[in-house]
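As structure tokens, one chain now follows by itself in the form predicted alone.
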Amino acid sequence: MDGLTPTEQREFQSRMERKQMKEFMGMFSNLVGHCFDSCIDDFTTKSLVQRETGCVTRCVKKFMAGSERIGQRFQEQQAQMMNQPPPGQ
């Protein structure tokens, strides 16, 4: 980023923020869809029944824990790659 002009840096930052938001919205959409499909099956009331509420809570917790663990593993892999010499050396 050091070689970019201030205008280019702002544009780059803006693009990164949009990309992150798009990724977050995609993850959120997947979470909602998965937990809804897995937990919601009683459409006789407009509110969630207790069983559905518990299921959704567990589903979200598991999804978030899994996402966190994947992020940790990704960071571990990146750190390992950064510490390895380039190929051919």
Partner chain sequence: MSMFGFGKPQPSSAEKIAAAEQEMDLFTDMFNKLQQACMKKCVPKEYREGELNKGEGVCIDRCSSKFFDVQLKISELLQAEAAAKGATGGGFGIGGM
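Residue numbers count along the first chain shown, from 1. If you're wondering where the values come from, they're calculated on a predicted model, not measured in any experiment. Definition used throughout: the rigid core is the maximal C-alpha set that superposes within 1.5 Å between two forms.
Another form exists, predicted in complex with the partner chain; not displayed. Remarks below refer to it.
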Contacts from 53-82 to the partner chain in the predicted bound form (any heavy atom within 4.5 Å), listed N to C, are T53, C55, V56, T57, R58, C59, V60, K61, K62, F63, M64, A65, G66, S67, E68, R69, I70, G71, Q72, R73, F74, Q75, Q77, Q78
Would you say M27 moves its Cα by 2 Å or more between the shown form and the other one, aligning on the core? no
By the 2 angstroms cut-off, has the C-alpha of V60 moved between the shown form and the other one once the rigid core is superposed? no
